[in-house]
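Presented as structure tokens, the chain that follows is alone, the form predicted alone.
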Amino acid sequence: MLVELGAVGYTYLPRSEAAAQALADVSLTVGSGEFIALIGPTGSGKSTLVQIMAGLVKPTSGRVKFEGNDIWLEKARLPERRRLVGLVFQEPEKQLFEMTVEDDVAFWPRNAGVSAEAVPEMTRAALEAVGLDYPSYRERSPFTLSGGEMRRVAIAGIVVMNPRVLILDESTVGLDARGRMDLAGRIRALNQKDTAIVMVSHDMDEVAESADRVIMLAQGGIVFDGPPREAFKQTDLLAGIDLELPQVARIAARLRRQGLLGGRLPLTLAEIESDILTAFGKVPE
């Protein structure tokens, strides 16, 4: 197992009058090649949880393991283990700091002892993985790019580490529809190469399209952990934490009420198209 959290809790400002519990008794695992969506209302503990998963924040209680090793017992190896789990923060463009795109993306390999000959190819591969052409962008200042381009450069700066787990904390927020679709497709491509993905998102359409597992948080605890189709059957639970069904599922619900559709709960456009054609006696192509 790549990441294991056991009975993890976290309290801000412990032993003070302002103490606030963000997480309580959270246990989960992340396996190789999984695509997990982490959902829940604002304030449910999602960002705190992913920072603990990435080894950036030490939990108040419980254990965090990377590949079977408790990361907080051998602090000398913590930087090495943090490379296994790369976290792209909310507003990742704030992570940029170098004068050129190439220098920003190459920061980790240059400081990790990677040979000078290998760094340009690693940088090229990371930029192309997020949809940026290496020759066109390498000498540009990241601070002159569009918001969407800056976000891709920031993600490339994590992808270049070849993490076993890539955590994305609302990384597509603020992008236009085309940009979201393109970036989501590239993230799925990384997942297909066996990189485990943990995606924090409020976009239920994105969750339905990409994830194979949904973990729902509420008030600092896990209230659901299972497949997306089962997650979106929990209509009362979703309503209780102010989350909507994906758009396709909402359309399917209306068709069901009119007696025009039955069977499974479709989550993607391809699924509802197939179900509608089948309902009207046509064979989907």
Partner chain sequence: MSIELNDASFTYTLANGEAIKALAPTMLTVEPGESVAVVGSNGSGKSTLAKLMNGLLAPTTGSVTVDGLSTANAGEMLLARRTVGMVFQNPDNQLIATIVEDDVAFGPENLGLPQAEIRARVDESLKVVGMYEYRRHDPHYLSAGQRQKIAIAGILAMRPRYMIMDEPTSMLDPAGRRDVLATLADLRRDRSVAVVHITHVIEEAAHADRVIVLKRGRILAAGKPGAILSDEILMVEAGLYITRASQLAHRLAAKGVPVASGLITAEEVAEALCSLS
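Only a predicted model underlies this, so the values are computations on that prediction, with no experimental measurement involved. Residue numbers count along the first chain shown, from 1.
Beyond what is shown, the protein has a form predicted in complex with the partner chain; the following relates to that form.
A.B. asks: Select from the listed residues R138, R186, R213, H202 the one whose heavy atoms reach within 4.5 Å of the partner chain in the predicted bound form.
C.D. replies: Among R138, R186, R213, H202, a heavy atom within 4.5 Å of the partner chain in the predicted bound form occurs only for H202.
A.B. asks: Just to be sure I understand the contacts: of L28, V57, I251, V223, which is the one whose heavy atoms reach within 4.5 angstroms of the partner chain in the predicted bound form?
C.D. replies: For this set of options, the contacting one is I251.
A.B. asks: Against the partner chain in the predicted bound form, would Q247 count as a contact residue? Criterion: heavy atoms within 4.5 Å.
C.D. replies: Answer yes; at least one heavy atom of Q247 falls within 4.5 Å of the partner chain in the predicted bound form.
A.B. asks: Does the partner chain get within 4.5 angstroms of any non-hydrogen atom of E74 in the predicted bound form?
C.D. replies: No.
A.B. asks: Counting only non-hydrogen atoms and a 4.5 angstroms cut-off, does T42 reach the partner chain in the predicted bound form?
C.D. replies: Because a heavy atom of T42 falls inside 4.5 Å of the partner chain in the predicted bound form, the answer is yes.
A.B. asks: Answer for L255 alone: is it within 4.5 Å of the partner chain in the predicted bound form, judged on heavy atom distances?
C.D. replies: Output for L255 is yes: heavy atoms within 4.5 Å of the partner chain.
A.B. asks: Does every residue of V3, E34 and A129 put a non-hydrogen atom within 4.5 angstroms of the partner chain in the predicted bound form?
C.D. replies: The answer is no; none of V3, E34 and A129 reaches the partner chain.
A.B. asks: At 4.5 Å between heavy atoms, only one of the stretches 106 to 114, 174 to 182, 161 to 169, 80 to 88 reaches the partner chain in the predicted bound form; which one is it?
C.D. replies: Going through the listed ranges, the match is 174 to 182.
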